[in-house]
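For reference, the chain that follows is the form predicted alone, supplied as structure tokens.
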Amino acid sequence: MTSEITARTRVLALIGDPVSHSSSPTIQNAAMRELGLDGVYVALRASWEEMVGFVRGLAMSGGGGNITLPHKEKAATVVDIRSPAVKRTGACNTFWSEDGKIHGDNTDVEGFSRALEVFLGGPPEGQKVLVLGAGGAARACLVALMDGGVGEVQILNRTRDRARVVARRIGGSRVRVLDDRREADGQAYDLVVNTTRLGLGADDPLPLDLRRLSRAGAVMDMVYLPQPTPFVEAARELGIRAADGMEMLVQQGAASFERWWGQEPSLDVMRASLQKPKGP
């Protein structure tokens, strides 16, 4: 990102609701500055109807961006050209234009896979995993787990029918939907992943009481905050290794950056930007 915004500056945006908590502008603008690219990344709070207009307007004017909660699945119906990841998940989180067409990708799949390998030190091959939630983020998580050779996945979601649709679409025989929370009681898992938005709100309940499990080898929370999320704190208090969604944010952001600019950003620069103290 150059120091001056001009009429030639390329505009990229994060579109969703809420967006005020997001660190995507921080990491993307830092990466553009480091490479001297003439672009700017902003966050736009938008309803479903507004999201459609923003995506088409930004993309066709030469820009692009990311889609976040709660619009990822609906965004998959807006783009003209869907990547294999969008087709597999039914969710889109990255968009841009080429040859007069709006392209969409789901870099959450690549981002989660990369972040999980950083966290675990390798792929989740043969592991038993509990996935909390069945939205767009859960779909990306499930694809990454399947591609990583996971042994078994159980999905726990408030709406069972929604979870069953996700399991049928992506998981096959390695995925089972739990009827309710009691089915997870006393079970042992190598990994528990929270893909819900619980934790963003100050009054949100925990997505799961980890004490009800006989074992949780590790916990990964896709939610991220300036401080550890309540779910990460609860896991660590029980002696469980846990990580929030910051590394996934960086990894999926880097993958999105590659789609927009055709070059790789510095992961170290992106990570370092998150450590800098924010202004008043």
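A quick note: this is a predicted structure, and the numbers were derived from the prediction, not measured. Numbers follow the displayed sequence, beginning with 1.
Missing here is the form predicted together with a small molecule; even so, the following discussion is about that form.
The chain is drawn here without the small molecule; in the predicted complex, the stretch among 96 to 104, 145 to 153, 132 to 140, 119 to 127 whose residues come within 4.5 Å of it by any heavy atom is 132 to 140.
Within this chain, K87 is remote from the site of the small molecule in the predicted complex, having no heavy atom within 4.5 Å. The shortest heavy atom separation between S113 and the small molecule in the predicted complex exceeds 4.5 Å. The closest non-hydrogen atom of V78 lies beyond 4.5 Å of the small molecule in the predicted complex. Although the partner is absent from this view, L69 contacts the small molecule in the predicted complex, with a non-hydrogen atom inside 4.5 angstroms.
Note on contacts: among R197, R174, R164, K74, the single residue with a heavy atom within 4.5 Å of the small molecule in the predicted complex is R197. Though the small molecule is absent from this view, in the predicted complex it lies within 4.5 Å of a heavy atom of just one residue from V55, A31, L249, A242, which is L249.
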